[in-house]
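Single chain ahead, written as structure tokens, the form predicted on its own.
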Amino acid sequence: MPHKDLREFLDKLEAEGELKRIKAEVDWNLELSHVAKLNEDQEGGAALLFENVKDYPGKAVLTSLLTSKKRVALALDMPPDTRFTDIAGQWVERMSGTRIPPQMVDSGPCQENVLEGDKANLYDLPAPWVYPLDGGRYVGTAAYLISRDPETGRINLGTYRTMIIDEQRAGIQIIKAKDADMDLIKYEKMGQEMPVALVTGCDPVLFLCSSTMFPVQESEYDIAGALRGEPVEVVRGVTVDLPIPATAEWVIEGVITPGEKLPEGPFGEYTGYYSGTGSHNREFIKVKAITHRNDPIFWATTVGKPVTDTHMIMGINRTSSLWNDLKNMGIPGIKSVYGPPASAGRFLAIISVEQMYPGHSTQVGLAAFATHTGNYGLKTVILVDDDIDPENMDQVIYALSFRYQPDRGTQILRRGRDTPLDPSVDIPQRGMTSRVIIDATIPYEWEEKPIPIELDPDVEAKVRKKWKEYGFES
């Protein structure tokens, strides 16, 4: 059964031993994020709920929620031991069904407390200061922006970093050509402000969807419904005519005026680097209202070097959406797709292919870059045969060592669309990237292929049957 809200999910994590409550007072200014990051660097680090945040009695901060694939599996209502690529495979399977639109309800706990006008103060949110060189406190790290296409009515949920500028203004980095940017351009042509809502803290499936690349005509609410197996309950905003998740912990309602900008940043990004030098003029939200639940929980992420929940989330959703895109292209033989969390799931993909004709592996590599997901930021595609598990790096390195021939298996593409956050590109040149296909498959057309070493199946079965007799426990 899907989780009705963030709190129900936290109850599940606590029962699984995956949640740690921090009851000691912790300062929102650097201390909280440093505790979280050091915890994340430990293998098996739990999600952390800081219940005693300095200056914010009764307001908890949640970090490191989805830094492990076990917790991602639980978020998607799958067994906790589900493999990464199996999580992605089930995502693709659920996506193949009917979309389930949200269900409007009369009221929800997200509006238990309503602060409008001058009473709506962004500093009432326990947003942490994450890294020393950040430009400010970020209210949007594990949050998503809700906007509407004024022409089609399509509702979009998109993840964009959001920094507190003052009590009622928050700078937001809406990346060019993303859905919210296209919505904003339409409002600008109409000479109108764009109504928005910034949301944090609800069923984690919504945040998984908000940070995934979907075609512009699709609403993340409908996709979340498909992944959950039932509709997301929404209420109408207090000051904006937008559907808000009924169980959200915090909601910031407001407008963005096209053309008006204020300094935002810098910010330590998921690449492990700052995305530029200094601050840049960006759009900002003018706050009209803040609503929240009683005893609200503020969900934040440390971002920074891998692996944080940002990387794990992007690893899962980029793997799933790339695999789904390739499936929809109708290319046969694709057995598995893996976007490693350490690459944020977006810069590198490993694809397992059962080859059926000459040039098949090359087709898959080129297709990956042509997909909706891969067209934005994907730089490296590694192709392996179907006997290689893309999630097993020892097997991948084996294929790269004994099947990959650089002059035959390397194709470099000179120009492709890139994210402006990519630190491997000189700052003035960001937005474009080169790309490489590394084909570590055995060529289909070879008449004499290398003969693999294999165990005798009958002897293997006999040995496995007697395994404990040899003194092994399992």
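A residue's number is simply how far along the shown sequence it sits, counting from 1. For clarity, every value in this text was computed on a predicted model and none was experimentally measured.
The protein also exists as the form predicted together with a small molecule; that form is not presented, and the subsequent description refers to it.
J.: Since the chain is shown here on its own, which stretch among 349 to 357, 120 to 128, 175 to 183, 87 to 95 would lie within 4.5 Å of the small molecule in the predicted complex, judged by heavy atoms?
T.: Comparing against the small molecule in the predicted complex, the contact stretch is 175 to 183.
J.: How about residue 76: is it within 4.5 Å of the small molecule in the predicted complex, going by heavy atoms?
T.: No, no contact at 4.5 Å.
J.: Given that the partner is absent here, does residue 200 sit within 4.5 Å of the small molecule in the predicted complex, heavy atoms only?
T.: Because no heavy atom of residue 200 falls inside 4.5 Å of the small molecule in the predicted complex, the answer is no.
J.: Taking the shortest heavy atom distance, is residue 71 within 4.5 Å of the small molecule in the predicted complex?
T.: Residue-level check for residue 71: no, no contact with the small molecule.
J.: How about residue 361 - does it come within 4.5 Å of the small molecule in the predicted complex, if we only consider non-hydrogen atoms?
T.: Residue 361: no, not in contact with the small molecule in the predicted complex.
J.: Answer with one of 338, 298, 221, 207: the residue that has a non-hydrogen atom within 4.5 Å of the small molecule in the predicted complex.
T.: Comparing distances to the small molecule in the predicted complex, the residue within 4.5 Å is 207.
J.: Of 304, 135, 158, 243, which one comes within 4.5 Å of the small molecule in the predicted complex, counting heavy atoms only?
T.: It is 158.
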